[in-house]
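So this first bit is one chain, no partners, the form predicted on its own, shown in structure tokens.
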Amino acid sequence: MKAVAVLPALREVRLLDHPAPDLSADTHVRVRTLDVGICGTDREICTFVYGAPPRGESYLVLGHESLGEVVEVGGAVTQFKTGDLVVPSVRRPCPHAHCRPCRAGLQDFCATGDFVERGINQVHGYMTEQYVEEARHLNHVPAGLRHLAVLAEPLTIAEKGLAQAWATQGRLPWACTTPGKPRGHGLRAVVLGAGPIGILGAMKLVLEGFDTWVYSRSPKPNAKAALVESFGARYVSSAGTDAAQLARQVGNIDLVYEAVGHAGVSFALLEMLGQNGIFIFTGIPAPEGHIPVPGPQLMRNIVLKNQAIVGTVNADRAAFEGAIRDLGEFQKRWPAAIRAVISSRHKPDDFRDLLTGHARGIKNVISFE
């Protein structure tokens, strides 16, 4: 089969022949790949800073944002049938019996660090024509989401982040309890970044009832600003508005959803977090380098304003189920906006420009259909 892969030892990215998969267990499902999203993680793997092939192999098949169609099921599989659309998860649990999160199906909270991830770390990904997966790692997708469900995996970042926010903020009366109002009603959120993670996160926050602001670099007018404002969020450019000015516009910032991976702008906004606020970090900047931060003021704010800081990575089944459900809701409320998140679809032969060329648009997709 065709597959897009990295060969770390040779520092190459190739379209190569990859063995076709067979079912080897009754709990396996064989899936025909339809769409695979390109994200920053894929592009970073193609710079060879990380990304490990399976043990004993020279290459790693890329791709972890995937939508596929079931073509064969094992004898013990009852929840899927041929023709079903599915989205696979990414991380697989570690083998250690003492890792309580992994044993509970919460491998996104793995306590040992010995997990593997499809398309990222030691297991081939989905950027190939077919793959085989354990049924328990697949999530059913309604047929009506055929052209959007490749966005489910990036949306899980917001789903898990908001789940952590609600759990953390259960420490005080924070959620709206007025009958008929969404639980985020009356709360103010700032999304840092207008890439796919930020835009999908902003949609989730608007859906939850937050007064939502997206803070990004490019000045208006631009296509991303128009998209953000089409579903009810507000767009502010950091080019003309610094973090303090933004905070004066917004008022008390109850929640920040960071989706930019830039430490300087993130910590500038952390200083503006409001009373009882929560800051959700999702970006992963390069470890090199240092930035000056107002440590004493940040520490005072965290203590005196009862603030919480949460980091989140990967996602569990609940986040995938929530993402698929919310994509359906986005499609009902803002059909043009959610369609616009996918900038373009390409054939596998276009892999090199998509993975190593200049990033364009919002979300680019490789279609194997």
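This structure is a prediction, so every number in the text was calculated from the model and none was measured. Don't overthink the numbering: it's just position in the shown sequence, from 1.
Another form, the form predicted together with a small molecule, is not on view; read the next lines as being about it.
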### Message
My question is simply whether D211 lines the interface with the small molecule in the predicted bound form - judged by any non-hydrogen atom within 4.5 Å.
### Response
no
### Query
Any chance I284 has a heavy atom within 4.5 Å of the small molecule in the predicted bound form?
yes
### Query
Applying a 4.5 Å heavy atom distance criterion, does A308 contact the small molecule in the predicted bound form?
no
### Query
Contact between N301 and the small molecule in the predicted bound form at 4.5 Å, heavy atoms?
no
### Summary
Partner contact check in the predicted bound form: of 286-294, 254-262, 239-247, 115-123, the stretch with a heavy atom within 4.5 Å of the small molecule is 115-123
### V90, V87, L205, I199 - the one with a heavy atom within 4.5 Å of the small molecule in the predicted bound form
V90
### Query
Which residue among T47, Q331, S343, T41 has a heavy atom within 4.5 angstroms of the small molecule in the predicted bound form?
T41
